[in-house]
Structures are given as structure tokens and as C-alpha cells.
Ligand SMILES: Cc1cc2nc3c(=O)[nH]c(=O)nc-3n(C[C@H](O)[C@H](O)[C@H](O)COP(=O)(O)OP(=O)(O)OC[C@H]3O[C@@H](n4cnc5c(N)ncnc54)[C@H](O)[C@@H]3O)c2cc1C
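Okay, so here's just one chain, in C-alpha cells, the form predicted alone.
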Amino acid sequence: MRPLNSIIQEVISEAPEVRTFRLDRNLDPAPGQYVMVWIRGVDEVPMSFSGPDTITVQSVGVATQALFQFSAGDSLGLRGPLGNGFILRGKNILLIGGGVGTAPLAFLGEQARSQGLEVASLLGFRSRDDLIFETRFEALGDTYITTDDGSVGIHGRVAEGLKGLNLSEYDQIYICGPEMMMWDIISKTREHAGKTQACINRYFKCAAGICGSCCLDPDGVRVCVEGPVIMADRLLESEFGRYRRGPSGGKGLCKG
């Protein structure tokens, strides 16, 4: 797939290390799908949609640092939307997000509310300064916030917020965020894994299911085409939360 040229219409600062880029193209993505963003002369990297025509990005590496130098009027190359997104099921859902992983969940929650679903959200951040999309989530329904330093909401990691929730009340659970945060939630709520949709991140090269760089042991799930949204019960016996592969294909530690 040849990249489409897209012009940045607006850049919004969400937090010190997080920005939203509004593009001139509505690619009609499903929440949870991703787009390969080509930063010419630097790299092509996958990014989740935070809305029909927006991506929300955290500065974490060379490509995203380069993107943070862009402003309205600059151009990007886009391939997508790609992969499988979230599927809305039931009438009462719970969104669980961490950091910039809350972006596709905000998009999903707004779609769910437009269809008459009841939405609750459990969101985790390092501190008050890192909080993003608070008003978007509060507009959806009950919103519970945790911070690692206790500066707002519940003191502790996202799993602390589970203590005040009865997960049996929800028809479907949707989760996105740093891998170790997601693994912490999924491993502690195994009995609900069959109704938990997880949007995960792996190293993508081709984004076409050919190169195998994103495959999960032991079943060889190709995250770029069979994911990035995968049912949590498929992740319980996989490498997820244990190790991950980098650009060279070698195993490394999971972070976040």
C-alpha cells in the first residue's frame, strides 16, 4: 500500500509529552485500528487513532521526537487504517486505559455512547500533569482515575481502581495502555478474560503480516493484521507481559 499524503491541520498539546495531530483526512477508522505514519527521512511507525481524523502521540523515540517538531501545514505519509479494531458488544461496558493508551478508548467510548451504551472508565496516569482527555471521558459516564503519585484520584497503579468495581456488571471490557499495566489487569482478572478486548503494541515493520516481526509466541499471532485488538484469553498463555521482540528480532524485557 503506497502512503497517502496528509496535511496536518492542527497540533494540540495534551500533556508535556503528548500531542494530538488533526489531519486533513478522515480515513474512517474503527477505534483500535492503527495507521502507519511515515515521517519522511526518519521512519514509518504505527499510531492509534484518537478520533476519525486524529492521532494522539507520546514522544518516546526518534520518530515521535521528529513528529513533535511538526506544526500545522506540514505533511505526513499515511498507510491505513490497518488491523482489527474494537468490537462493541453488550449494553454496559468498561474502558480501562493507561497513559496515551486512553486515546483509542476515548474514541471508542464516544462511539459507544452515540449508540446508546452505558460507559464507565478506569484510567491511570503517572501524575496529574500526565492526565489527558479527562473531559472526554467524564462526558461518557462514571470515570475513575488513578495516579502513581496520588496527585489526583486513587493513589496507585490502575489495578488499584479495580477494588471499587464489580467487573461482573459489565458486558464487555476494553483495555489499552503500557504492556505491563495491561498484563497486571488481565492476569488479575482472568475470569473475565473471555470478555476483555485488549489493544496491544508490538514492533511492526511491514504492517502486512509478511515479515513476522510482530508475531506472538507460541501461536504466531500476527499482531499487525490479526490485532492489534486481541481477546485477553488469547494473551494469557502467550509471551505478552513476559518478553517482547525488538527491531533485530531478539527477545527483550517488557516495559511500562
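Each residue number is its position in the shown sequence, starting from 1. A quick note: this is a predicted structure, and the numbers were derived from the prediction, not measured.
One more form of this protein exists, namely the form predicted in complex with the ligand; it is left out here, but the text below deals with it.
Evaluate residue 203 for contact with the ligand in the model of the complex, applying a 4.5 angstroms cut-off between non-hydrogen atoms, and reply yes or no.
Judged by the heavy-atom cut-off of 4.5 Å, residue 203 is in contact with the ligand in the model of the complex.
Partner contact for residue 216 in the model of the complex: the ligand, 4.5 angstroms, heavy atom
Looking in the model of the complex, residue contacts with the ligand do not include residue 216, since no heavy atom lies within 4.5 Å.
Spell out, yes or no, whether the shortest heavy atom distance between residue 44 and the ligand in the model of the complex is within 4.5 Å.
Yes, residue 44 sits close enough to the ligand in the model of the complex that at least one of its heavy atoms falls within 4.5 Å.
Using a 4.5 Å heavy atom cut-off, state whether residue 56 contacts the ligand in the model of the complex.
Contact check for residue 56: yes, within 4.5 Å of the ligand in the model of the complex.
I have 34, 48 and 62 flagged as a candidate spot, so tell me whether each of them has a non-hydrogen atom within 4.5 Å of the ligand in the model of the complex.
Yes, each of 34, 48 and 62 comes within 4.5 Å of the ligand in the model of the complex.
Just to confirm, with a 4.5 Å cut-off on non-hydrogen atoms, which of 108, 100, 122, 182 contacts the ligand in the model of the complex?
If I apply the 4.5 Å criterion carefully, the residue I get is 100.
Residue by residue through 228-246, which ones have a non-hydrogen atom no more than 4.5 angstroms from the ligand in the model of the complex?
Sequence-ordered list has one entry, 228.
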